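Take a look at this single chain, the form predicted alone, given in structure tokens.
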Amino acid sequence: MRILFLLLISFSTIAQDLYNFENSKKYGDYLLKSGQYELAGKEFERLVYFTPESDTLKTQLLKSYRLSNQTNIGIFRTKQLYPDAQTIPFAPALEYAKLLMQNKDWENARTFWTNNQNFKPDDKTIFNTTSEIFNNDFKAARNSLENIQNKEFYVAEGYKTILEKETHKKSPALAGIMSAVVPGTGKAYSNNWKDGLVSLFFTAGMAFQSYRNFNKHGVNNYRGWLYGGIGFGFYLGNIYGSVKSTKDFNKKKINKLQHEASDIFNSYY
């Protein structure tokens, strides 16, 4: 009778532990979905400690570190959980790749996904293309996409659209030439119309005042030289500003395209 009683207590304890484990897992998932990433990381650390063989829990743990921007901790924990990087299963391997990419550790990231045995060739190509897009190496990105085997691959098609947009950049040299000919037009070329109009009217105004004073008082009049000097300085600054404005325009465009690439990547992986 006493033995039966002890057995019943043991079974009850095991059942309670299982129940607590499932509740803990649900709680960790809830924290992750609700954006409480640091708390989720702590919960999944506890779960992984008690269930070290679960790749699902390890994946959730690494995801928690990535989403809470604790990338260095996530990278360190991956190396602890999976000493052999080549054999990391797909799901945690993907999280590890994202952690390396988020940390901008592109060299180690490329080495990792190239050698990992659980990524398909098309996955590795997309990872390489992503790293090239974020390193502004768009020519290499176009070449990488040539290696995609599945021609209907959603991410590859999205990247092709992004790379097509990247070709429509504006020329800083052309902006400088335009502003040298007609002040302000280079800035207008880079969609900076307000500054373009200011440059045009101010430069023209200084030139007119200089001409007016020279015409009225002769070439030795200091006002004519003063207005002319100010106008010429602003004219040169307008050319430089046009080149810079165009470079800034291209930079913003590339940043936007990189955000689009990130959205496409994360929507698939």
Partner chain sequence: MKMKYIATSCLLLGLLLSKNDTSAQVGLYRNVLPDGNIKKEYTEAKNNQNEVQVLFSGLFLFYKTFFSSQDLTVCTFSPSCSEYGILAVKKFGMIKGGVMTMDRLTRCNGLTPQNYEIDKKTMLLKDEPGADNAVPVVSTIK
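Numbering follows the first chain given and starts at 1. Since this is a predicted model, take the numbers as computed values, not measurements.
What comes next is about the form predicted together with its partner chain, which does not appear here.
None of 151-159, 170-178, 102-110, 72-80 except one has non-hydrogen atoms within 4.5 angstroms of its partner chain in the predicted bound form; the exception is 102-110. Remark: all three candidate residues (L236, H259 and N266) come within 4.5 Å of its partner chain in the predicted bound form, counting heavy atoms only. Contact between N116 and its partner chain in the predicted bound form is not found at the 4.5 Å heavy atom cutoff. Contact between K58 and its partner chain in the predicted bound form is not found at the 4.5 Å heavy atom cutoff.
Residue contact with its partner chain in the predicted bound form: G241 places a heavy atom within 4.5 Å of it. Proximity of F134 to its partner chain in the predicted bound form: non-hydrogen atoms within 4.5 Å are present.
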